[in-house]
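One chain comes next, on its own, written out as structure tokens in the form predicted alone.
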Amino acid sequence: MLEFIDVSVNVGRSPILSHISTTFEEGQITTIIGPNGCGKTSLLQTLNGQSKLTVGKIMLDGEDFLEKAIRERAKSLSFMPQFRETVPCISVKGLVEHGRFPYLGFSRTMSAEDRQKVEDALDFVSMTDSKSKIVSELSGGQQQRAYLAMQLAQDCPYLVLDEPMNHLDFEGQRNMLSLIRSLKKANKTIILVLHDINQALMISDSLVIMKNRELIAKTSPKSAIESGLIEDVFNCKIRPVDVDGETQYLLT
């Protein structure tokens, strides 16, 4: 279990996160939602060091996560950020191989097991036929799948994805949702930030709901709807609709 205990982050005197305590249970899909600027990405960035804790702890399976060596953290939890400053001019396979770096020795020589993990990750995201292509020349959606493959090659029990639907068209988003569900079936623990509330309600086992840089609630999608919490936080009305036998949610 991943646990945030009284986590606060300040930049100078400005609070970015205020006393966040919540848990992310093993084997579940948990999605962080909230209005723009509420601190969703900042909360995730405490895991990769971009947001430095002012107070609090992050515990992973009973151990202080941030006290671990960086390589050991990378064996437990992988992180796909929302934004990237540059897209590398390397092959898709070369990018995915970066996911194996925490397991390599000083020589950075990949074993047969490492190479198989890379091939398995490429196959999982249907990028095997594109592995020789240059990442910077791919479409935004293909790049997202390539970066997800790099995460999968890292072979961590916990996967963190910040706005994984970025740059994806409708079909790409549908495929990404399917991939995330498949990862859960493979016993991965998935932590998401999603902008689309309908997608969050459809795919999540639990929701972490934030507003004004604070935690409002940790609850199930069903409870968040029935209690009126979604409508209160997002200042909207929510209506279930049937789409090909699946319940989706229209926010107005």
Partner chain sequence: MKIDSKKKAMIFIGCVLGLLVLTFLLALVFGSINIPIKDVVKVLTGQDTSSKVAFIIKTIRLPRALAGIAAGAALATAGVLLQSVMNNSLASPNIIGVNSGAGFFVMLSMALFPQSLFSKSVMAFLGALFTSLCILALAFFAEKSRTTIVLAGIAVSSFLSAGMNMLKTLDSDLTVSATQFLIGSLAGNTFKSIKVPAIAILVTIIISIFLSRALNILTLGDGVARSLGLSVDLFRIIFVILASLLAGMAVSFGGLIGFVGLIVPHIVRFFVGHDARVLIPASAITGAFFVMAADLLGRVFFSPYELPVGIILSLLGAPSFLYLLMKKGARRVNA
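Numbering follows the first chain given and starts at 1. Rigid core here is just the name for the largest C-alpha set that superposes within 1.5 Å across the two forms. The model shown is predicted, which means the values in this text are computed figures rather than measured ones.
As for the form predicted in complex with the partner chain, it is not shown, yet the points below apply to it.
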The partner chain in the predicted bound form: contacted by all of Q50, L95 and L104, heavy atom 4.5 Å
yes
Among the candidate residues R84, R174, H167, R181, which is the single one with a non-hydrogen atom no more than 4.5 Å from the partner chain in the predicted bound form?
R84
Can you tell me if G140 lies within 4.5 angstroms of the partner chain in the predicted bound form, counting non-hydrogen atoms only?
no
Residue contact check: Q116 to the partner chain in the predicted bound form, 4.5 Å heavy atom:
no
Find out whether any non-hydrogen atom of S91 is located within 4.5 angstroms of the partner chain in the predicted bound form, and reply yes or no.
yes
Any non-hydrogen atom of L122 within 4.5 angstroms of the partner chain in the predicted bound form:
no
Given that the partner is absent here, state which listed stretch (223-231, 185-193, 208-216, 41-49) has heavy atoms within 4.5 Å of the partner chain in the predicted bound form.
41-49
Is any part of 225-252 within 4.5 angstroms of the partner chain in the predicted bound form by a non-hydrogen atom, and which residues would that be?
none
C236: after superposing the rigid core, is there a C-alpha shift of 2 Å or more between this form and the one not shown?
no
